[in-house]
Each structure stands twice: as structure tokens, then as C-alpha cells.
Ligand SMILES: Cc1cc2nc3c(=O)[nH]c(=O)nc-3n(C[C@H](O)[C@H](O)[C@H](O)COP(=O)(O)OP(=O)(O)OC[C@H]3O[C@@H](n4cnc5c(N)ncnc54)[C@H](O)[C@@H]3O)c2cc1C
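Take a look at this single chain, the form predicted alone, given in C-alpha cells.
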């Protein structure tokens, strides 16, 4: 059985950044199920890769009380400095940080090259089937896959430390949390997040493709940004952010979504505006503010003989009924994962010392704007720093249960 220092399971954003941050002081071997590492990273931000955000804060995540500490240790500006140190130039657009090229491949290429520079080893088409703790470390059982995903052989490795960085099956990928569940970890099942909202069809009929800047509200939470009407419901940044509430179990089907279609104006100001044009049909005044199809839907909702105040009320509270969310194939991230309570502040397992988890494998998810990649970078940093300092799997003098310490 081949011996390894640190085995990282998964070859995504968190795994690649960890491989760089761990440095040459600890030899890292990355086991990736696919044909190449970093593939999923290429699709982030619609191929532009929103690395992080200028104003990201702990409240952008599902468990701010835990994430806050990691954010202090590795804030967005540290992420920018990290990528700049790899030779990757960045630019800020609307408070979001992108590679200067606005190409996700630039980020992937920079991480892969830097990881190779510090001696990281990438083994692709390796599907980890089991992680087992022994007195000597972790036995990692692997299936070697062919081009069509068929099993071609088996390999086993003995590692001093193991890091789970498998992410989720948002868009593509596989749920590999069972590897750590078998070691005694609790798991909250994955649910699609940052994904379109499915609503009643009547409220969106005829609006497919119409965009509007608004404030959307659901379950007492407001999200400001663009809404894109679809045949099945709502997409756009504001809808994606609110979908996190559904994924986290905060709201359920049947609740009301309310759109303020003119957030920069009060209801009174809108009513006064329509009063000025009361000699026109309502449709004409509405089409002076909104896309013609949306204007028609507002007029229909208000009624054929609606007065100015009724029109204003519908514009400020255009309501829809939530049915659910789109599935994982449309999700940017999944909510759920390994329970954070079972990991310390270095993301070392309290159940199985010497085992770590980073990135989306943990039950941490954020809103749009770079929060989820920021979590990948800062979780990788926490684990890498601990392992660089010597936090590893050790045994007591009797050679019984392992424990974790700083050597």
C-alpha cells in the first residue's frame, strides 16, 4: 500500500487552493473522480468566476456565528492578495471581484500551476470508495475509472491526514459525504441553493424573458437586484438569493413572494404619478415605466378600471405563490453537508482527529456575490495553516485512540 502525506479527496476550488496553501512543507496528493481537476470552477460566475466580493460579511452565510471567525482570519482582501501572488490580476465590477481576464480558466490555470510548483500530485479518474481510520493513519480505497466511468482497477493508499473537499452535486458532480458519515459524522442532506424559484404559473404567464430591477421579499427577508421572469417562476440574482431560504428550510411551498417593482419610489409617489396621466388608459402610463408584457400583467392584476392608487399598490406588491425551487442541475451551490459542530476552528474533525473537511462538503452556504468561493478559499486556508504547523494524526503512548495536537 502506497504511503501518502496528505490525501485530498476532490479536485475543485477548495482542493486546489488548499494544495497551494499547504505548501511544499506537506506533500499533497489530490484524488479527482473526473478527467481533470478544476473543471467545475470553469463554470462559476457564468464562466467569469466571481472570486470574492468587496463587502462579504458573516451574515451572508447560513451560520454566521461560525463563519465569522474564518472570515476574520482570511477576509476577501486576503483572497485577492493570494491570487495576486500567483500572478493572477483581478478587477472589481459592481463590488464583485473577478480575474482581470473575466475568464474562469485564468483562475483554474493559476491554481493548478501554483499547486504543481509546490509539489502537489494530481491523480485523476480516481473515485474514493472508502476512508478507514487505522492506528497508522487513514486507509483510502480507490477505484480507478476508465474514460466512460467504468471501473478498471483498485488502489489503496495510507495517508497521515485526509481532507474531504468533494463539494456537492450542484450543476454536476457527486455527493461523497457518505465517506465521512461512515466515520461518525452527521450530515444535513443537500438541497439546491442559489437556484431559480418555482412559482404559480398564472403570475408569470407571458413574462418569460422579461427582466426588472426590484426588491423581492420572502419569509421576511428582502433581496435587491434583478429578477428574470421564466415560464416556471423567477430567476435573477434576487430570486437566487431568496432560494437559499428554501434550501435551509426557513420557508416552505405555499408562502408568498412579493416584488416591489419600483423600489426607488413610494406608493404615494407612484399614485401621484398615475394621477397626472389619468386621462390616458392605464396601459399607456404603465408601458411608460415597464416592459409592455409586464405592464399588461400589472393592469390585469389591478383591474380594467383601476384607479391610480390601486395601480401603485400592485406595483409595490406584485405577489406570487412559491411552489419550490429548481433542481440541482440549475443550482450554483448546495445547502447542506457535514455538521460544523463536529469540526474545530481549524476544520479538523472532532470525531476522527487528523481528518479535515473544507469547502462545500461542510454545511456552509452563502448568497450570490462570491460568498461561496470565498468560503472555499478561507476554509482551505484554515486547514492548510493547521497542517503546516504540524496538526496531524498522532497516537498516545499505548497506541490506542488517536488524538489531535500541535507537534
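Here the structure is a predicted model, which means the values were calculated and not measured. Residue numbers count along the first chain shown, from 1.
We do not show the form predicted in complex with this ligand, though everything after this point is about it.
Of the candidate stretches 325 to 333, 70 to 78, 303 to 311, 212 to 220, only 325 to 333 contains residues with a heavy atom within 4.5 Å of this ligand in the predicted bound form. Although the partner is absent from this view, residue 363 stays clear of this ligand in the predicted bound form, with no non-hydrogen atom inside 4.5 angstroms.
Among heavy atoms of residue 371, some come within 4.5 Å of this ligand in the predicted bound form. Remark: residue 13 counts among the residues lining this ligand in the predicted bound form, judged by a heavy atom distance of 4.5 Å or less. Contact annotation: residue 166 falls within 4.5 Å of this ligand in the predicted bound form, judged by heavy atom distances. Residues 9, 50 and 128 are all found to lie within 4.5 Å of this ligand in the predicted bound form, as judged by heavy atom distances. Residue-level contacts in the predicted bound form: of 198, 179, 320, 114, one residue has a heavy atom within 4.5 Å of this ligand, and it is 179. Screening 31, 355, 378, 28 for any heavy atom within 4.5 Å of this ligand in the predicted bound form leaves a single hit, 31.
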